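As a starting point, one isolated chain is supplied in structure tokens, in the form predicted on its own.
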Amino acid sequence: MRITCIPIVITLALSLVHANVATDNKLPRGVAPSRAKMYTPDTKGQWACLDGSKTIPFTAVNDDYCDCPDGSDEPGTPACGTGYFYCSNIGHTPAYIKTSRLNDGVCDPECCDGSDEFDGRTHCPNVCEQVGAVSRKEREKLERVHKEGNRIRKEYVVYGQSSKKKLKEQLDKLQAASASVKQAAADTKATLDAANAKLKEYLESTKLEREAARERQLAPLIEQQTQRAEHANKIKNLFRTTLDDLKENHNKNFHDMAVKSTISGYDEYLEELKKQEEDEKKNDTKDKEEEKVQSALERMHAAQDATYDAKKDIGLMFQLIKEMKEKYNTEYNDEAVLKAIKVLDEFAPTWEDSSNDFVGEEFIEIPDEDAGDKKEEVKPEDKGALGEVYNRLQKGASKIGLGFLFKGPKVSKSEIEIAQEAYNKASEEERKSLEEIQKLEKKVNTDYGPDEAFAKLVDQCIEFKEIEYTYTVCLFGEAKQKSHSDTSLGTFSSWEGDNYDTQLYTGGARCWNGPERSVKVMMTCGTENKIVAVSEPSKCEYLYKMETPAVCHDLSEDAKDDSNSNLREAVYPGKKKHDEL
């Protein structure tokens, strides 16, 4: 009996050994080589759970019983189900899976070596060589793309750094020159102000003489315009009297609709006239308080306004009677109506209905203060008060550089005109200089990446066409959605994160009952600048996936090691504090 038990004990012991360790490197099953020091017993054969919660015999590791609260004692069995099992995947890429997936009857693709199904119930062939070959082929292809993209990126960097250097030099040059440009504008402004001050001083000193000359110049025109205003008001009053008579004396029993329409229109005119007169009384009160004496030009304008207002009233009343004449009932033989029509017929030949003006009456133009159409020099020997005043003003103006006021149209440019042109030119140069400085400052201060690689992409516009829409982005500019019309999706606002591979475009057109449109441009390495996909993860928030050489950085040493899968080890997905113990 005892002899019989020995083989059984030996078998159980061997079984525990196989469960506890991996067959290839004598580490506990499911433990990566880099974590071997964490699974080493002490001198007494004891081992501490990785969370430090308790100590157990090392033989209890992978005994298919969960002893440690963190499950760290069962890296190679599904007993705890909370840890991670390491698949070495020789010939391909190592990986981790949850221990809960061990011996579950499923060949997990992450473990191409079939090590996840070790209890013999499920056969999982080792396909790592085949999978690894495909993976390596794809990786080699990506590496070729990355290598070419990196070559282009280096060209971008050279261009960007050279461009930034030139922009800074241009900016420094413009900023240095801006002081002299500003000074030139200030100097020409001072010259213009001095010329204007000289003119103002002259005009003030000769005000009385010029006003007297202007009074004599406009006197006959004011008289002529006043006569026209009086004549227009006389005709206006004639029409008012005529319509007052029509309103009072027409035969109200006839109920002639044309007559009633004319009277109704006249009543509306009288009501509007009443409002105007009330407003004028208020203004007259203010004017009397100011007691301002009108100049000749103001009196001329007042006469013109009075003439215009009277003609406007004449035109309105003329039309009222004219329309009545065309539509009234001739069978009624209403004396008041016939009287009004007679007044209209007698006046009509003198009135231009289309322009609201008297036939043959041309507008009186107000001449310039300095001279009329024919500019003739007034000689000292010419007699008359106007000639004497004119010559005195001419001589005085010439002494201070303002003789142009008394010369004909072919005279050379005045001091003020020259100063004004010089100031306009200098201020325009100052404006252009400031505008150019601001443009350069914006370019110099734009973040094109730590080595300026993205400067090459400035204003490059890339399209992505779908069935219904075409999506575009002009890098560092604006993103749009195009169909029958363009819709702004936002303008460049910032980079997201510190990796310089994601741009944000914000402030686009607002969605109906939604937010402003925006775009996130996520960049991956490629040999061309192109958008490869567009989606809308949230309402009016778009995602552009883009390939560009600008993010094809130099391969790190770790990345170079990726070409040989046997030299790599998967990163443990669990808590990092285990690695620190």
Ligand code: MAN
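Predicted model, so just to flag it, every value in this text is computed and none were measured. The numbering used is simple: start at 1 and walk along the sequence shown.
One more form of this protein, predicted in complex with alpha-D-mannopyranose, exists but is not displayed; see below.
The three marked residues, Cys474, Tyr500 and Glu547, fail to reach alpha-D-mannopyranose in the model of the complex, with no heavy atom of any inside 4.5 Å.
Looking at 32 to 40, 532 to 540, 547 to 555, 57 to 65, the stretch with residues near alpha-D-mannopyranose in the model of the complex, meaning non-hydrogen atoms within 4.5 angstroms, turns out to be 532 to 540. Out of the listed residues Tyr469, Trp495, Tyr308, Phe347, Tyr469 is the one that sits within 4.5 Å of alpha-D-mannopyranose in the model of the complex by at least one heavy atom. Screening Leu238, Leu338, Val458, Cys511 for any heavy atom within 4.5 Å of alpha-D-mannopyranose in the model of the complex leaves a single hit, Cys511. Under a 4.5 angstroms non-hydrogen atom cutoff, alpha-D-mannopyranose in the model of the complex lacks Thr506 among its neighbouring residues. Of the heavy atoms in Gln481, some are within 4.5 Å of alpha-D-mannopyranose in the model of the complex.
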